[in-house]
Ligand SMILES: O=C1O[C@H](COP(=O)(O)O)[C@@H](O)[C@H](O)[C@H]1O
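Let's start with one chain on its own, the form predicted on its own, as structure tokens.
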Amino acid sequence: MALTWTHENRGEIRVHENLEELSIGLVDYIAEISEASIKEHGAFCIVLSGGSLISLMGKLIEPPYNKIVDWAKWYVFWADERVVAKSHDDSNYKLAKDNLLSKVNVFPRHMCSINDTVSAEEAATEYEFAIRQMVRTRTVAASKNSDCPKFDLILLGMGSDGHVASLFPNHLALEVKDDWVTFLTNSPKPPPERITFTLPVINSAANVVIVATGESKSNAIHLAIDDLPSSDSSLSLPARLVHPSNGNLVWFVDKQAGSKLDGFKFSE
């Protein structure tokens, strides 16, 4: 049973006993938002990330989810991508396709991925153009509060440095406000060339989930969620800057990642 509480400014926090429990809770949440979105506007626009997040979503390809989720109504996007060939092991697209999307009935034409044959700058420009076209045709909803798309659900992992998507601490990409998608050629983590959603896009979503597991994430989770002095430099941590303007933020963490949270009092 997860320990759950709501922070006044940092959303709902769910601390799970172990990865199995976290995975079940996460998949239940995704299925719930999928059903509600399809009921409301006929589609589910979900944004994925890479890393361990995809394996934690693995139960979606098992019963009952593989039978009850309306996969034909899913439109899939990526919050960030490495500028490599789609067949490359570093590709977030390949990770999601091989382990999740190819095993369910998501239409290939509903997977909106980057052009892997151009530069990082061109890939970012083309990806943003493709998303703008989908907003224009109302496949993706438009935010009423900003010039941004309003995705139904954005799923983000978080690094031990507090980065989300490919938005790294103290990186210029954090400052981009006018573009939906920006690019990096000097990522602190390899590979160096990447594209990423910007903070305004992430913060315009209807629902945002941040997933973090393991003791190595515990300090970053504390700095991203707990109340800090106004002078604290950690207030600019990328994960702390995720704050949906008109949506929900939910943190899925395991006991190890949540161990330094002020609200953590896990009953043994």
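This one's a predicted model, so the numbers in the text were calculated from it and none came from an experiment. Residue numbers run from 1 along the displayed sequence.
We do not show the form predicted in complex with the named molecule, though everything after this point is about it.
- Within 2.4 Å of any backbone or C-beta atom of the shown chain, none of the atoms of the named molecule lands once it is superimposed from its position in the model of the complex; the pocket counts as open.
- When contacts are judged by a 4.5 Å heavy atom cut-off, N92 counts as touching the named molecule in the model of the complex.
- Contact annotation for S49: at least one heavy atom lies within 4.5 Å of the named molecule in the model of the complex.
- In the model of the complex, the named molecule lies farther than 4.5 Å from every heavy atom of D152.
- Although the partner is absent here, A124 sits far enough away that none of its heavy atoms falls within 4.5 Å of the named molecule in the model of the complex.
- Contact with the named molecule in the model of the complex, judged by any heavy atom within 4.5 Å, is made by just one of I114, V181, A165, L184: A165.
- Considering the named molecule in the model of the complex, the lone stretch of 127-135, 140-148, 114-122, 153-161 in range is 153-161 [heavy atom distance within 4.5 Å].
- Residues R240, K255 and K260 are none of them found to lie within 4.5 Å of the named molecule in the model of the complex, as judged by heavy atom distances.
- Residues of 127-151 placing a heavy atom within 4.5 Å of the named molecule in the model of the complex: none.
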